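Given next, in structure tokens, is a single chain: the form predicted on its own.
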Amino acid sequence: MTTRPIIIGSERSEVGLPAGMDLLRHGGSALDAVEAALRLCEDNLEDHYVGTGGLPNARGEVELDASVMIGSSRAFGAVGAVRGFPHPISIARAVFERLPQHCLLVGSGAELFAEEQGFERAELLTDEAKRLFRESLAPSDESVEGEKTVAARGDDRYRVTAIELVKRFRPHDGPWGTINVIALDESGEMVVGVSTSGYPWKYPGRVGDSALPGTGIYCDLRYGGAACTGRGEMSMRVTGARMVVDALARGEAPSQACRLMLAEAATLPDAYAAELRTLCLTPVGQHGGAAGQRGSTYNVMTTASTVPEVFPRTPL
């Protein structure tokens, strides 16, 4: 049976979706389309939340997470806290294709694997990302009596203040978050992929929901695929993406399936609670999204599209 190809993505995926749809339009696989779309997003130097130019952790190092999941087999590959490689989505794909005894590699092990597979190294911390990082280290106008929460020179003092800095840093102005892409090809296969540099100024080694199946990403061809962006720790605690797909399995409409997950996450006690967003796609091409604030959107392309079409997410 032939299906009508479709590809959807979160905010800022418009950089890569046309390339993914071009592959689908010419009979390409959903896996190739997702990888091609996310690689272009990872190369977008204006985006500071994915790939090259991503904002660094609290130690000033860019660490990347990515994963990919296949709907028909639920095969999964992921990498976390990868440094020095600009295309983590491709390394994640290589994990499940070339290292099928494993699903997830992190840190130095993921970097060793990438090197063995011939992936190119690159400097990920751009001048612009470095500037944003340094500005965030500037003394705050706010003071807390009896506490020194501002980073100062010297490695020892920096280590002491790192945790407090992580608590105080906020994302820079403008769109931010993990990029999600979900594709359905003409053969009926569905693939979900996510890529991110994670929460800015995160504690070194932090891995979010983007590298974990069932939390930031899930795909089951019987019911659909889903992915999340935003406060990954909240998604991990409710197994967000799997919860969306489970709602699709119960017959919920895509937008409602997404909203129900966000409503559950919103019940969690969390001193660092921040917005969580999600989107999903069904095996027949229905799609939807939800967000914690009004005005949030996601992008869609079909074979008839010339440019990505923007759809509103259902507000929580």
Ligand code: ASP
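Since the model is a prediction, treat every value here as computed from it, not as a measurement. Quick note: we count residues from 1 along the sequence shown, nothing fancier.
Beyond the structure shown, there is the form predicted together with the ligand, which is absent from this document and is the topic of what follows.
So, in the predicted complex, is R93 in contact with the ligand at a 4.5 angstroms heavy atom limit?
No - in the predicted complex, heavy atoms of R93 and the ligand never come within 4.5 Å of each other.
Look up in the predicted complex whether R206 has a non-hydrogen atom within 4.5 angstroms of the ligand, and give yes or no.
R206: yes, in contact with the ligand in the predicted complex.
Examine R231 and determine whether its closest non-hydrogen atom to the ligand in the predicted complex is within 4.5 angstroms.
Yes, R231 lies within 4.5 Å of the ligand in the predicted complex.
Can you tell me if Y199 lies within 4.5 angstroms of the ligand in the predicted complex, counting non-hydrogen atoms only?
Yes, Y199 lies within 4.5 Å of the ligand in the predicted complex.
Want to guess which of 83-91, 120-128, 191-199, 237-245 is within 4.5 Å of the ligand in the predicted complex, heavy atoms only?
Every other range fails; the passing one is 191-199.
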